[in-house]
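Next up is one chain by itself, shown in structure tokens, the form predicted alone.
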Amino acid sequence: MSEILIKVVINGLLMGGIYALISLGLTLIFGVVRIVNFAHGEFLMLSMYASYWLFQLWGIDPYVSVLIIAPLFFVFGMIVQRGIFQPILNAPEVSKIFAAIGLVMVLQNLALLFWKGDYRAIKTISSGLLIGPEGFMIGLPRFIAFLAAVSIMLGLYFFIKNTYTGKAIRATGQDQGAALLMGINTKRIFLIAFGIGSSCVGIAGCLLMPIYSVFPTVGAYFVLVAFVIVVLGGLGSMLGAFIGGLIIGLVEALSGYFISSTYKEAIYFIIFWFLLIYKPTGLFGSVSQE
């Protein structure tokens, strides 16, 4: 394997880690609340803008702004769940879809109103730094984002498996009716799950700012990738979201190397199409009514 190909593989895995972090929140929200949050990409866009303005106005590094944005987006997610999705949880699925798409339109247009359609980027101390041995050096921001994705996935896994609230989240995701009978406040669990999912995407936005520009429709690209990853890994599976993110990152990098970067989206959407036909439950998903 040539040096260039090894670097392509490494960069694909690192990018896959970022995709996985975005998808982690999406799959958690679906797994517990049973809502496909089409506005997930717009949450990412808002977190990127928040990180951008914290840097521009007060010089707060995006990696430090995680400490501000993560709790803010936890609260923001809870407000969205309580104000928009909670009242329609028992409504037909189409009502939930239209509510999410309506939220997409509102957030995108608010971003256009306040910040116009300009591409905005920041340059931090770490933006141009490279690490690693000679010939295999990688960008520090991508490496940090990958480590953060792994750490958050492991932290969430420990939280879900070993804490009372985590077990309540698992129980609610498995059977809401049975969870209610066991004395679990499912409405509170929905708020917590939506808050955690939103916090994950808020962190992802901070980690993306040293790498990408932000503009009002930036979330549309990332949410499409996230949906492919969630379907690949299995709806509701956090491990599946992480593994799926790595796979899509690799597919994207290798298709750009062997074919053309122009067709990378087409290639993983072909994978998406085959999955929907032959294995709609994904790698780690299970059969459910949804």
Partner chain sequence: MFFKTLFRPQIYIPFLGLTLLILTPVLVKSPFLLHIVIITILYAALGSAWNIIGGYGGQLSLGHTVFFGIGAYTSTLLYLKFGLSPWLGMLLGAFLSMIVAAIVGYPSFRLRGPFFVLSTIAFGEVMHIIAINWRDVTGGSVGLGIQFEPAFKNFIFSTKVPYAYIVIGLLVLILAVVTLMEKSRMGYYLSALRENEDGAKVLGINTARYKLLALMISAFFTSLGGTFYAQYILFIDPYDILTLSLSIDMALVSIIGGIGTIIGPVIGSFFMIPLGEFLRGTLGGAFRGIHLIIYGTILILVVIYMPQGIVEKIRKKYRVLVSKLPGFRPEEILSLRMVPGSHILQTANARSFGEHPTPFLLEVQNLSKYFGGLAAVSCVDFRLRQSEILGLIGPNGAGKTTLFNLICGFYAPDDGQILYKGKNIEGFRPHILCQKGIGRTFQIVKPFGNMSVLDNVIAGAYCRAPKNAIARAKAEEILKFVGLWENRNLIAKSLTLPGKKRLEMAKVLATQPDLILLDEVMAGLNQREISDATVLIKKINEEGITVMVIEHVMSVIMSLCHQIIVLHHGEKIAEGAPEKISNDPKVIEAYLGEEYLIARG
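Here the structure is a predicted model, which means the values were calculated and not measured. Positions refer to the first chain, counted from 1.
FYI, the form predicted together with its partner chain isn't displayed, but the following is about it.
> If we take heavy atoms and a 4.5 Å cut-off, which stretch out of 99-107, 171-179, 145-153, 192-200 is in contact with its partner chain in the model of the complex?
Stretch with heavy atoms near the partner: 99-107.
> Let me know the one among Ile68, Ile60, Leu224, Ile243 whose heavy atoms come within 4.5 Å of its partner chain in the model of the complex, would you?
By the 4.5 Å heavy-atom cutoff, the listed residue in contact is Leu224.
> Wondering, does Gly83 line up within 4.5 Å of its partner chain in the model of the complex on heavy atoms?
Flag for Gly83 set to yes.
> Do Leu239 and its partner chain share at least one heavy atom pair within 4.5 Å in the model of the complex?
Close contact is absent here: in the model of the complex, Leu239 is far from its partner chain, nothing within 4.5 Å, heavy atoms only.
> Do Ser95 and its partner chain share at least one heavy atom pair within 4.5 Å in the model of the complex?
Because a heavy atom of Ser95 falls inside 4.5 Å of its partner chain in the model of the complex, the answer is yes.
> Please determine whether Lys116 contacts its partner chain in the model of the complex, using a 4.5 Å cut-off between heavy atoms.
Output for Lys116 is yes: heavy atoms within 4.5 Å of its partner chain.
> Each of Phe38, Ile88 and Phe272 having a non-hydrogen atom within 4.5 Å of its partner chain in the model of the complex: is that the case here?
Verified in the model of the complex; spot residues all in contact, yes.
> At a 4.5 angstroms cut-off on non-hydrogen atoms, which residues of 255-279 are near its partner chain in the model of the complex? List them in order.
The stretch touches the partner through Thr262, Tyr263, Glu265, Ala266, Phe269, Ile270, Phe272, Trp273, Leu276, Ile277, Tyr278.
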